[in-house]
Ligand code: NAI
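Below you'll find only one chain, the form predicted on its own, shown as structure tokens.
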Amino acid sequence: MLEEILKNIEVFSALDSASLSTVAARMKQIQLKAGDVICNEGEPGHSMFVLESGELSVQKRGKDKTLVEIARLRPGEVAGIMSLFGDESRSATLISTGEARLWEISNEDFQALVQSTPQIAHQLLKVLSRYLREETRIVAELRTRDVENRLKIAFFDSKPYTEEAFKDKNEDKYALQFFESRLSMETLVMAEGFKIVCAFVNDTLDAPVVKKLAAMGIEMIAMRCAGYNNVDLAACKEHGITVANVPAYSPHAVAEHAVALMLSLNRHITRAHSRVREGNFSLNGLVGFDMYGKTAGVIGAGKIGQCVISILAGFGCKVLVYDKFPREQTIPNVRNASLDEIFTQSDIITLHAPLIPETRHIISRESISKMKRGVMIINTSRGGLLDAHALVDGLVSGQVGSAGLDVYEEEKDYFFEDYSDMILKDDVLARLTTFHNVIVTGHMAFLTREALLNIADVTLNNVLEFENGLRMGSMKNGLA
């Protein structure tokens, strides 16, 4: 019986019957009952075990020193193979789950066998080569988990509100590591030992970075935002990295911020507030207009765009809607329109489209020239939708009456960081901040408690699906 078990163990599988009998004769049988401890983690090991019947629980100690089961050893499986070559420390505790029978061979007896039976030594060299390769793979896998066997996730470009929301939703399921640095070729070394990186809008995920991440063992990029124009999806597909995003976290948050910019610009809220703080209660230059009856053009009618449409319709605006995939509009005074209609007829134009090649600089010198003089332009979507140079010229000429920007095409160098003690080197951004009829907010339209929690919830659910094998491959959850 023992010879048959040994025949199925890789170390001994090529041995002939006589050699197997020689090995079996050196092994000692041990009978176990439930709860019997075969060996303890950290203790010196002097022997290898082969399980004939029953099951052994493989356990390791967590942070609180309690034992946590990480695997089960079943009949025909081996433990302590490295102990055959010396007194190696046990990597885990083995405890019998019930009645069991195993066979033990000491390293002293095994070394004697190797010296006396060349066939065993030859087979052993081949097995060790394969074993070491597998151990390397297992070690790499184990490094992606903490001592409590929780999958580790590396968060880049993290802020206190990011950490708070994710810790709230995580409930200690994953081991979260937060890095303030943005992900780039210079910082990706911090992703060593992780399987998943969680990135944001200004992290660099171009082809060279993706290639390096794949070489480091990264298998998933979990974007904690809707946008993914900073991710080289083709490179991710080539290297087998799964990509997931958060298509909708709180469309109301972004929509409400867009409308807040409209109202602040229209009623000169920031200028009025600044005057009052200085004791100036003059109303000169603060005349606005009624939103009621004005024509608002909404470019992009996804979830955020639909929320904006509802709010503006509630104000009594006439709303013109453009979307690549138009849907039926059922709200009174809301209809689908062409881009030219929006450019020529709108008093307010607000952008809620994704940044793709055909939408880049959808607001350009040409489109601005078609607009009503004094038009208000709002962008809370992606900076690249708007040509900032053309906007500045439009503001100077008066063709553009006001602008509210939560995003900026070159925002990566500034947004989310404190540069209050430095000079802005981006001339266009610096110029935009000097206009009294321009409001720039630093990509904060998403920043509500509800949105942050939704982002954390969806992102962690994306990770869970990946962990469960439901997201094996690139471009998932809204990524085409």
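The structure displayed is predicted, hence computed values, not measured ones. Residue indices: 1-based, along the sequence shown.
The next section is about a form of this same protein that is not shown, the form predicted together with the ligand.
Judged by heavy atoms within 4.5 Å of the ligand in the predicted bound form, the contact stretch among the candidates 389-397, 274-282, 355-363, 233-241 is 355-363. Of the candidates 74, 373, 324, 122, 324 is the one whose heavy atoms come within 4.5 Å of the ligand in the predicted bound form; the others do not. Among 196, 105, 100, 301, the residue placing a heavy atom within 4.5 Å of the ligand in the predicted bound form is 301.
Although the partner is absent here, residue 380 sits close enough that one of its heavy atoms falls within 4.5 Å of the ligand in the predicted bound form. Using a 4.5 angstroms limit between non-hydrogen atoms, residue 296 is distant from the ligand in the predicted bound form. Contact annotation for residue 153: none of its heavy atoms lies within 4.5 Å of the ligand in the predicted bound form.
Using a 4.5 Å cutoff between non-hydrogen atoms, residue 254 counts as a contact of the ligand in the predicted bound form. Along 161-186, a non-hydrogen atom within 4.5 Å of the ligand in the predicted bound form is carried by no residue at all.
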